[in-house]
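First, one chain by itself in structure tokens, the form predicted alone.
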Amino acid sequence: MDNNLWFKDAVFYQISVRAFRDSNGDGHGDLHGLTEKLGYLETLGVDCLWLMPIYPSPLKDDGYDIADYYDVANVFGNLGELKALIDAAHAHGIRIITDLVMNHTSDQHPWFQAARADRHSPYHDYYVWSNTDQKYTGARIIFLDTEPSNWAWDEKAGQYYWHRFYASQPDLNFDNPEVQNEMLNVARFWLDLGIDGFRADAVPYLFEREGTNCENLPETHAYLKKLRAFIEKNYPGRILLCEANQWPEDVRPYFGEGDEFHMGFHFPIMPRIYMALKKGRVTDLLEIINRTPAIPENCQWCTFLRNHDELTLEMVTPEERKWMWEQYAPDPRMKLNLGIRRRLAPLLDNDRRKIELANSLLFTLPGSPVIYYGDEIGMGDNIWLDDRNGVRTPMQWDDSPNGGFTSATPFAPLLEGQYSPQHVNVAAQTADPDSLLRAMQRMIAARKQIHAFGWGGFEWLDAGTDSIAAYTRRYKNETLLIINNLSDQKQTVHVPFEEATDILSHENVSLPSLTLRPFQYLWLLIKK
């Protein structure tokens, strides 16, 4: 198997370095703290860490507003400590990818400060300026809750500048060849340090054209192919993961002919997993997977249940969005933009059966799964913190007052009540063979042993009821049958196989008839 395609079998784990482990007692997680926890991550079984931004930043958007592309923020450590983390992770058999934020910088970035100070500065053309705020009116406003326009007036420059996210994040001008080269230099800098690739943030928005919605433009794809060719030539085996919150047929072009992104997030699967669990029906999931186009053999979808942002509802109909808000965000504080700011366990009523079932779908549907830090132990959230900070609280390592995260006052309050470190922590779940953490370890271990998950074909199986999500995954001589009972009732199914082994319990299973408990799932290896 081509080792450069390692990502097809990989299980990813997303980390907020600030929230993971504080090693120096300043209340903020840091690179050294993360290095200390690599043993835990190896035991969990994950293959690749995705680190949220660690660049110097004024933190108006938790680091996605970058003030320097070529350094690490002091609060996290320094470049030497990052290099030590990368080397140690590789020694544990774990790769690391970081966020590459190409679309915009912070308004505190020296480029933007030079751009606003002097219209004749070469940096003025690093950004998108206009004397009017009436250009590109076809582009939607993404942060509807906070931004009235994609244009912001800059008094010093005497012009409007373009921003697709917060006004504190001016968009870079990719029509400028200097900007294009600058981003290649940024990529080179981190790849030379040993990073295994990038999760490329907000890539649909790189270019603007009048009369369009300024998303997914041909010029954008042309530049991204250039970035991929640069990486293939100089850094084979490193990856590009595309963040494009779009319908699957609109993400498909980001794979090109296997010459653009290696991976792309499949955003629309995610809300439909929650729909399936709440309705007890597979219908919505079936529909979105059936409309997902084939992708090149050297590419892979990336799937997730939760991440650092709100549970986005951009890729559902207005009626479905209203229903999702009613079901999963009964308190107005739980809503944010077009989404829901809650973690996995609270969304699923802290019900172990539902949490495991959601992960069963995540791990067995097409694509490489991403686990959000803390979800493997069922961490909760704090909806009273502003913006998306309620799902970015400190990792809970043990039942000590600060959850083993820090010896100081943590940067954000620890969770209280049923989700507090006294009730939810790594140490207790490591010691308990029946814990959620142990169940997640078993799923990851099983997934890594069988290539059909990462490489296999996918085919729905008619189980005679839409309360069951049943499908096969086939690759070479492996045939897997996955059965998920989405309902709170017992379900009996009949399948066209006779003998199987449950790869999670290692027990033999008699077929063709099976009865599943409410929310039960089975991963069955079919015996020839």
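Start at 1 and count along the sequence shown; that's the residue number. Just so you know, these numbers come straight off a predicted model, no measurement behind them.
Beyond what is shown, the protein has a form predicted in complex with 1-deoxynojirimycin; the following relates to that form.
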### Query
Quick one: of R228, R341, R392, R447, which gets a non-hydrogen atom within 4.5 angstroms of 1-deoxynojirimycin in the model of the complex?
R392
## Note on the structure
None of F405, F165, Y127, F261 but one has a heavy atom within 4.5 Å of 1-deoxynojirimycin in the model of the complex; the exception is F165
### Task
Tell me whether H104, F143 and H308, taken together, all sit within 4.5 Å of 1-deoxynojirimycin in the model of the complex, counting heavy atoms only.
yes
### Task
Using a 4.5 Å heavy atom cut-off, indicate which stretch of 461-469, 56-64, 27-35, 491-499 touches 1-deoxynojirimycin in the model of the complex.
56-64
### Query
For D284, is any heavy atom within 4.5 Å of 1-deoxynojirimycin in the model of the complex, or not?
no
### Query
Do N150 and 1-deoxynojirimycin share at least one heavy atom pair within 4.5 Å in the model of the complex?
no
#### Entry: Proximity of R199 to 1-deoxynojirimycin in the model of the complex, heavy atoms at 4.5 Å
yes
### Task
Give a yes/no on whether Q396 approaches 1-deoxynojirimycin to within 4.5 Å in the model of the complex, heavy atoms considered.
no
### Query
Is any part of 372-388 within 4.5 angstroms of 1-deoxynojirimycin in the model of the complex by a non-hydrogen atom, and which residues would that be?
R388
